[in-house]
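One chain comes next, on its own, written out as structure tokens in the form predicted alone.
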């Protein structure tokens, strides 16, 4: 682990010549400050998105860059069979955004959460120990959906997939996975794999963030699969598109 880190430091200075990279003491995943140079900001003229985001931003820990990516990806799924699944809902902001994006498509959006915090934290994770992000409830999310109003959602309370998988039928066209830890992510994806349509999209919200090394490690393993194309979005998403 130390050799990998030292080599990364050396290469950073040779190639980038700027800030020193770093890593979590219990992980060999290397971090470096990412500052994209592109300036095109299409969300500023997407009035439907802005209207929805203004209403949900206090209910989400996902920044507007990642929210806009979820919005645009969901809107491209009209011709992909299946509903949308978000696991890791917190207070419902990104789930509401997804539901609003596909409201005219006939797709249902399933929002799964324990509503009692992170579960299945383990040795592959760094900062998470379990129970984090418990400051939410079914009532908080339901109230948000009623205020918008959004009707094409179904809340699943419990550990997914073990406790609530039976409430979902049919294909999945999009998974938004925001559960922060390795084991939970792996179990969710394992359930989804046989249900994914060709053209479906998997989005991992915690990819690349310091403290979420477990999810980053899972995505680095998963990207080796031949039936998916992988995109590392520098805003902190890992995006996989099923091609076969």
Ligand SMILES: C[S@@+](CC[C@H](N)C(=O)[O-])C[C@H]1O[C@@H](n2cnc3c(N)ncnc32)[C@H](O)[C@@H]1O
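Residue numbers count along the first chain shown, from 1. Because the structure is predicted, anything quoted here is derived from the model rather than measured.
The form predicted together with this ligand is left out here; the points below concern that form.
Participant: Residue-level contact is defined here as any heavy atom of the residue lying within 4.5 Å of this ligand in the predicted bound form; does residue 114 satisfy this criterion?
Facilitator: Yes - in the predicted bound form, heavy atoms of residue 114 and this ligand come within 4.5 Å of each other.
Participant: Find out whether any non-hydrogen atom of residue 71 is located within 4.5 angstroms of this ligand in the predicted bound form, and reply yes or no.
Facilitator: Residue-level check for residue 71: no, no contact with this ligand.
Participant: With the partner left out of view, is residue 62 within 4.5 angstroms of this ligand in the predicted bound form by any non-hydrogen atom?
Facilitator: Residue 62: contacts this ligand in the predicted bound form.
Participant: My question is simply whether residue 110 lines the interface with this ligand in the predicted bound form - judged by any non-hydrogen atom within 4.5 Å.
Facilitator: Close contact is absent here: in the predicted bound form, residue 110 is far from this ligand, nothing within 4.5 Å, heavy atoms only.
Participant: Each of 211, 216 and 237 near this ligand in the predicted bound form, meaning some heavy atom within 4.5 Å?
Facilitator: Checked in the predicted bound form: no contact with this ligand for any of the three.
Participant: Using heavy atoms only and a 4.5 Å cut-off, determine which of 167, 119, 80, 138 is in contact with this ligand in the predicted bound form.
Facilitator: It is 119.
Participant: Pick the stretch from 102-110, 88-96, 167-175, 146-154 whose residues have a heavy atom within 4.5 Å of this ligand in the predicted bound form.
Facilitator: Heavy-atom contact with the partner occurs in 88-96.
Participant: Relative to this ligand in the predicted bound form, which residues of 153-173 have a heavy atom no more than 4.5 Å away?
Facilitator: 158, 159, 160, in sequence order.
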